[in-house]
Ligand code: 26Q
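As structure tokens, one chain now follows by itself in the form predicted on its own.
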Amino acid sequence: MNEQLRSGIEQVLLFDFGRTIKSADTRMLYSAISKAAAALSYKNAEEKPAGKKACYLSAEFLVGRLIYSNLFNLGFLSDTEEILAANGHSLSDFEEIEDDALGNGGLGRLAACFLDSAATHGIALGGYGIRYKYGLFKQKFENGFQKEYADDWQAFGDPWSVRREELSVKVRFGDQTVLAVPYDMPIIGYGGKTVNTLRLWQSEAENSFDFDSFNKNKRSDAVSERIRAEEISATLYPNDETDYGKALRIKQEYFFSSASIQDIVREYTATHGSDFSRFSDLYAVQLNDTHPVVAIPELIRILAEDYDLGFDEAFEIARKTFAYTNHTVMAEALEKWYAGLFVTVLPQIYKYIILIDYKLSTYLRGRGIRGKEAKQYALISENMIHMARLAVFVSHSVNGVAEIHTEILKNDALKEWYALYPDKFNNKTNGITPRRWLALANPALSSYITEKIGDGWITDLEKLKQLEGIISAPSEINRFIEIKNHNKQRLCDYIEKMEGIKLGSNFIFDIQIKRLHEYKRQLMNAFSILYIYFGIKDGTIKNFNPTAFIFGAKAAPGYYRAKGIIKFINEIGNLINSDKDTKELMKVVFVSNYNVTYAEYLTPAADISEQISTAGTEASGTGNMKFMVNGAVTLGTLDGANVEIAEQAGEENNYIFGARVEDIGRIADSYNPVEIYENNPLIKRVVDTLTDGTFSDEGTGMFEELKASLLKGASWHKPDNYYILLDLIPYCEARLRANRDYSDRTAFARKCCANFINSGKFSSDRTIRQYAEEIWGLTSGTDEGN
């Protein structure tokens, strides 16, 4: 037993609650264990060497439940279980603790994985973001419809964070000034040698209570300043359908960007005063998508106004400091703001964007680029501010997050910029941390791996390839099948606990878990399930292996069509799960409130990983990597990192289907989904279920609108904008082929094993080393940048 840890827990419990380990409740134990472990992490960590530091600015950090991952990285997991067991408790008691839901999906989870990998490998990387009060939202289904509820992730307290009020800064908007108060969260590397920091900013009022107004019976006025300040960090991605919502989004992005840049500058000047000649030698700032791009003009503003640097000098420092990661190829996702609204919210920043735009136009003229040709580069065009253009112009590096994504950026989405700055563009294929997504999420498989090759894979996932000659033996394949069955039963138990739904572990587990968006094509998945259901009913599909089709996703509160898809899938589930002819062959389950913890149960249990986005739309994906490392086959398009997954594991060990990027490029102008719908009775049958009375949308019109989006389009997009009907039959055929292959469980398990033993490339350890060495000028634990 770790006596230091036990003693620390006892001290916190006594001081904070007046309890012993035996008499404490779950909330008290969670707080005490977290605080004691955090204190030991700082005590035992090695002193950080002086040198260059990278700063990762992101609107999301989806860290999930911290207690298990931090205890694992510190090597305290078994010690904690022993301490608790000796006092009548268990580590499983903490499963009721809410995830730290400070992100929406892959963008935020990637940021969390990067921080873990950097700390594990001794790379000086600090995170900066927002300490949202309510995170994303809790999702429940009521009559099949998504309903959102506040997600109070701090209900058990936040013992991993420390309020650093002395480091607060002021952030000014056109109509208010707020305090940005930092909360520091330790990012503990595996082995506990390095502890980096995630600094999250909370928005507070300078004057939280106006006594004068209160004494005059103007009680709402007394707290109005506090309410306006706190809404900035209240919740992730407020609905921006109105101007008020758009202004709040701009405020959020500037709030954490300004606070972070002020913090970095303050740290630099404490040592170097107003001499900024070494600023970019000592700080690298990575912009995770367009949300923090406003940090660029903010740094220039601070250098010019607070330290009297000339604009050109400040601009050059910014260019050397900032690097930009692009996460999308879709034009509608590249942030743009109305200039009129932006100048109202951030008048002090708008003038610097004008200056940067003028510098750009001067540069373009020098290159002989004028008129219409220059317009495609303009930072301010048709009264819109283009944040991605700002990021590309004032940065020294622009990276995509998968090989195919980066090529699309170069050849299509940002081709004019690539022509201008080819040396800026580079690829950094995403990754996931093997500590969280294999060692912690899949203890049965990780124990097997360690038994066979030792535990070096935990920090070097490429070592999994050492299993290649071992796992091919029939006895070892059988062990893998036993592990998969164990994980499937574990998921069945969890789903029954969370949803009240019983599943059989003898089913194939076919799983699609990701943010609900049209391009991810959950609707195509739903149509395919109906295709199979009707085929089983009419006898055209025979010898079908029992399959559980499992979904997990949240739709943005204002995303009406995505909510319609959720309702449609739940209606399909009601039909299939209650049909006596099919209920022993098919189950449809949409788990509620999908989050990191749910993913830790779902990914180890999956047989088939659904990665079915339209080719050329998913930048990379990281869910595909989590499934791969846990031994699932990919059923997917050649999109994002699926391309590299198929390369690493072999296309023969996965199920690839559908139109490729070049295919879609050829037919984009002539594509006619109505023709496909009218000429294929199988497609027509499943699409018509939206409106023929098979299912009910309770009079909302959601299903009619979904059908119209496929066949008629809308003012902002053409019919079937994501080519669902084009790919539907190839998808169904690939799905049925995977189902048939599962009949030979041993052969199917070999495909699964080929995936996990070849997943080494997709470790975030590899990705973060590439960022450090190739973009930031850092290497593990060294001072290469100076």
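As the structure is a computational prediction, the values presented were derived from the model and not from experiment. Residue indices: 1-based, along the sequence shown.
Beyond what is shown, the protein has a form predicted together with the named molecule; the following relates to that form.
- Proximity of K251 to the named molecule in the model of the complex: non-hydrogen atoms within 4.5 Å are absent; the residue sits far from the partner.
- Remark: Q286 does not count among the residues lining the named molecule in the model of the complex, judged by a heavy atom distance of 4.5 Å or less.
- Taking the partner from the other structure, the named molecule in the model of the complex has no heavy atom within 4.5 Å of any heavy atom of E476.
- Residue contact with the named molecule in the model of the complex: R685 places no heavy atom within 4.5 Å of it.
- Out of the listed residues Y421, Y237, Y377, F276, Y237 is the one that sits within 4.5 Å of the named molecule in the model of the complex by at least one heavy atom.
- Note on contacts: among E610, E618, D607, D116, the single residue with a heavy atom within 4.5 Å of the named molecule in the model of the complex is E618.
- Note that among 558-566, 594-602, 314-322, 99-107, the stretch whose heavy atoms approach the named molecule to within 4.5 Å in the model of the complex is 99-107.
- Every residue of the trio E241, E335 and Y519 has some heavy atom no more than 4.5 Å from the named molecule in the model of the complex.
- With contact defined as any non-hydrogen atom lying within 4.5 angstroms of the named molecule in the model of the complex, E60 is the only contacting residue in 54-82.
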